[in-house]
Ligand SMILES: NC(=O)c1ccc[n+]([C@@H]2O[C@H](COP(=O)([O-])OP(=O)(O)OC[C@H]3O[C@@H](n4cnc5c(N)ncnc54)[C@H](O)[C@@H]3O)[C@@H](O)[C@H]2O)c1
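Here you get one chain, nothing else, as structure tokens; it is the form predicted alone.
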């Protein structure tokens, strides 16, 4: 699938990995609808990349009504949806049994709701629109890219909720790819390692350097642009389907 002329919906597209993906798509001739709750950042990205290329829609990915409205607006403005890139997510750090109490069930539930259920919510509603596209020469009608994490495989102490949510994304990649194969829609997942996103922006430089040094090679935090580069490769390579790719510099996280 070619980037030029492609229309994507990108959740969490106003910052971090999602912003990098939106920027790369537009720079290569694509257009994008940003589904995010960060209104100021979304508006700033529209101003930067142009309203002909980018549409910001305030969206809670856990809401069926919000996501249905967002995909409808994207189709209304751009004519179709060819790709969905799921970057929206939250984290939480809490031990299963802390010194004073067990893990807060509400926190666990919220992380699963946003990261896992929110991702599936976008997949199912975006796929409905993609299935209406005319197939290209390969029979493709669309491609879906999800964002997991190395925590899906190497979850650290205090990451039960986050790891479960990301492990769920990895686990549903293949069955959804099989479900959507008859519609000509591919499904892939990227599992990033330590990426220099706003999550690390407030960390002291010594902490950032120490985290980067944990990566075998290159020994640094990853760049959001490297995530976007991989997303572009997935879109353009029709044989990539039903798999999770680690984007992590060969890091394997220790317990803490």
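Here the structure is a predicted model, which means the values were calculated and not measured. Positions refer to the first chain, counted from 1.
Although it is not shown, the form predicted together with the ligand is what the next lines describe.
Heavy atom within 4.5 Å of the ligand in the predicted bound form: which of 180, 88, 81, 123 fits that? Just give me the one. Checking each option against the ligand in the predicted bound form, the one that comes within 4.5 Å is 88.
Checking a candidate spot here: are 114, 195 and 200 all in contact with the ligand in the predicted bound form (at least one heavy atom each within 4.5 Å)? Affirmative, all three are within 4.5 Å.
Just one of 205 to 213, 23 to 31, 60 to 68, 45 to 53 has heavy atoms within 4.5 Å of the ligand in the predicted bound form; which? Looking at the other structure, the answer is 60 to 68.
Check residue 17 for me: does it contact the ligand in the predicted bound form (non-hydrogen atoms, 4.5 angstroms)? Heavy-atom contact with the ligand at 4.5 Å: present for residue 17.
Residue 225: touches the ligand in the predicted bound form, heavy atom cutoff 4.5 angstroms: Residue 225: no, not in contact with the ligand in the predicted bound form.
4.5 Å heavy atom contact, residue 143 and the ligand in the predicted bound form: Close contact is absent here: in the predicted bound form, residue 143 is far from the ligand, nothing within 4.5 Å, heavy atoms only.
Give a yes or no for residue 163: in the predicted bound form, does one of its heavy atoms lie within 4.5 Å of a heavy atom belonging to the ligand? No, no contact at 4.5 Å.
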